[in-house]
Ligand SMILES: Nc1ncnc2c1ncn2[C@@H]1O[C@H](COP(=O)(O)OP(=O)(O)OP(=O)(O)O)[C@@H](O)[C@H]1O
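Okay, so here's just one chain, in structure tokens, the form predicted alone.
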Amino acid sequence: MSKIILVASGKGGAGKSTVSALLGQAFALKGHPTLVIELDSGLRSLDVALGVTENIVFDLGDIVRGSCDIRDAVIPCPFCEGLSLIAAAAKPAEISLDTLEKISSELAEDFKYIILDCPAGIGETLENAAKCAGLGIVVATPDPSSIRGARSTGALLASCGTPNRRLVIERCPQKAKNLAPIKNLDEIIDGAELQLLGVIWEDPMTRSAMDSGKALAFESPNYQTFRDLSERIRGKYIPLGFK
């Protein structure tokens, strides 16, 4: 059966789609078939990150309308074997709990992990995703408003019954002194009121991978970071470090 993971953020631009795409790649590279479902109707971007824009025939909106079979909307990533995407609806569409449960149930034997890339902010789609996910990853940047949004998002996940909730800090400078006005990582963790799962470094190669539809370069400091993130989710103990 698939493990369902949602990725959310209190504010837009925190990097949740980066986490969804590159976490999916990390799982797939370890031999775990992974599906990313983009829930941000009308604002798709993961098709670019995963290099499948020209291959989209059906999207999540078509599944909602019943105009295609669920598997018809699953698009394999061309540069990462074992990773696939269901692209967000091109136009706004209501993503119900029934829809998410139906997709997850039908594809449970095909994928080890299903990642739900949620819209930014708090709304009905996030609530529905929270009700069917076993792990909720809340993404925040070292910014006071992003931290506040992460706390609200984590609280909503708790109220919807998501059993495990963790924090990922995105776009983090590799030197603690560059966190200003934030003093240290503990201030972000305490402000979000979530247990830390991992830290994604500020890195131009990571941004380039997302913009170009290519795999993350091995030379990127985040290549190992995402591998470690995926292993922690799988229950392996990997210490968290910060320079």
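Don't overthink the numbering: it's just position in the shown sequence, from 1. All figures in this text were calculated on a predicted structure; none of them were measured in a lab.
As for the form predicted in complex with this ligand, it is not shown, yet the points below apply to it.
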Task: is_contact(T206, this ligand) in the predicted complex, heavy atom dist at most 4.5 Å - done: yes
Open item on the list: Quick check on S230: any heavy atom within 4.5 Å of this ligand in the predicted complex?
Closed with: no
Open item on the list: So, E193 and this ligand: in the predicted complex, are they within 4.5 Å at any heavy atom pair?
Closed with: no
Task: Contact of M210 with this ligand in the predicted complex (heavy atom, 4.5 Å) - done: yes
TODO: Given that the partner is absent here, state which listed stretch (23-31, 52-60, 196-204, 179-187) has heavy atoms within 4.5 Å of this ligand in the predicted complex.
DONE: 196-204
- [ ] Scan R171, R151, K112, R166 and let me know which has any heavy atom within 4.5 Å of this ligand in the predicted complex.
- [x] R171
Task: Members of 17-51 lying within 4.5 angstroms of this ligand, judged by heavy atom, in the predicted complex - done: S17, T18, D40
